[in-house]
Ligand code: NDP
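Read the single chain below, which is given as structure tokens and is the form predicted on its own.
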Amino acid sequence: MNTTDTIGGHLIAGEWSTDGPTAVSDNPARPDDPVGEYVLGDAATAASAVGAAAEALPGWRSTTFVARAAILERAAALLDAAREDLAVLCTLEEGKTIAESRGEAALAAETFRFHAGMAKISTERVFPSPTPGETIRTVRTPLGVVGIITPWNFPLQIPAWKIAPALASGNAVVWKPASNTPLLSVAIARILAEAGVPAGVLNLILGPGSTGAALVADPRVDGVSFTGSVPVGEAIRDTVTARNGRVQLELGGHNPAIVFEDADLDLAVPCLVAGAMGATGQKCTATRRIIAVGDIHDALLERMAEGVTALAVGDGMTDGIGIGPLVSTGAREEVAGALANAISQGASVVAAAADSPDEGCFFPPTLLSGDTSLSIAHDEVFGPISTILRVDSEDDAFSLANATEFGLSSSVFTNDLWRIDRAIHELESGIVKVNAPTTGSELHVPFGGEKSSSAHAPREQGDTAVDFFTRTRSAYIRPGTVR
């Protein structure tokens, strides 16, 4: 797929625009071979898009759920048809392996298909009334104009799980994607327009963070759904809630995996390596800390070292590659700096991937050993680094797992049902995995974290996704003239 001469533009009120300054979309595996160019928006761009959404909202809100579902079903079919092209573009812009990109493209299509089905299922409730003849029911109305701000690490799936329920619920959307994957965002928006999303109902704006900030600050925006860093999420929360708007935030994670003495290492080690290093560690659910309980520590350390050393790092378009580059040179410098800092604090490098290219944005997946005095044992580093920590008891393991400001995902490896029950009830995370990686979720299951990982808002994904994008009204209906 040749995208070197592509110029990605804004979609506002059904019209594409490439007017204005442009920037280059780089290929993190081959920085000298850029993917294409994209236009840079500003505050005026954001204002135009919000205006278009506000104008289109009444018509879309009054569109029947059957018609909205049909558009989402067409979008799913078109995403399926374009799966390979989208996967290639995802790998070129983001850097993940082509296998990972193909899987993400398939899930994006399935997400639209799922929410097309959910649009046909009533979420209203009927209540008993003490008044003869009266019916009490709830009804759902769209939230309104919704700002959606998505990250680069899942540039197909995260937009799908926000945009699909927003559209299915009758909202008008202004979407600001991350600047690392602009051309893929343009491709998705083109597919949604082709599927029949009316002009102004979905608007795409490209540009720097200041463009997103202008979107967030616009008083016509009724709610913002954001996935990204904690500082940006907190700023969005403060801005939107100050005008009584609604926010949905999915932020960072410092996810633990506890390995108990009875764990099956043949099962645990592949899960831990995949959870820590898969997608180059650029997942908010990645395994950042591996907590080894008691005597299993040494055997686990040895097996993990073998697994990490064997990882194949390279261009994601190459067959046999398991780990692609980091998304940018800036990301590589940040991860390299965090590793150097950890070593200066006393961390030991247990293993690193043996063959990692020196050029581009590549970084060797690295396994550390240390203790809780390390900054990296507390601070999120968005890359392929994980630290093994040893504790002596079950109580110490649960205490250490919860000793973080984050609470997104966690996992335990054990065959003990009592420990499993304790993990489900005591681990302070929105997702608890048992004998499975901290990464991965199902699109029909609610997704979200606790503590600083998520805002106190309805969960994303699953049948709860509609809760954020709708308002609930209670209706008391009496028949009229008393008989």
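Being a predicted model, the structure only gives us computed values, none of them experimental. Residues carry their position along the shown sequence, with the first being 1.
Beyond the structure shown, there is the form predicted in complex with this ligand, which is absent from this document and is the topic of what follows.
- Within this chain, residue 110 is remote from the site of this ligand in the predicted complex, having no heavy atom within 4.5 Å.
- In the predicted complex, at least one heavy atom of residue 226 sits within 4.5 Å of this ligand.
- At a distance threshold of 4.5 angstroms between non-hydrogen atoms, residue 133 is out of contact with this ligand in the predicted complex.
- For the chain shown alone, residue 252 is a contact residue for this ligand in the predicted complex, at least one non-hydrogen atom being within 4.5 angstroms.
- The stretch from 391-399, 299-307, 243-251, 115-123 that comes within 4.5 Å of this ligand in the predicted complex, counting heavy atoms only, is 243-251.
- The contact residue chosen from 201, 313, 258, 178 relative to this ligand in the predicted complex is 178, the criterion being a non-hydrogen atom within 4.5 angstroms.
- Checked against this ligand in the predicted complex, the candidates 153, 171, 91, 404 yield a single residue with a heavy atom inside 4.5 Å, and that residue is 153.
- The candidate spot formed by 72, 105 and 147 is out of contact with this ligand in the predicted complex: none of the three has a heavy atom within 4.5 Å.
- Counting a residue when any of its non-hydrogen atoms is within 4.5 Å of this ligand in the predicted complex, the one hit in 313-342 is 334.
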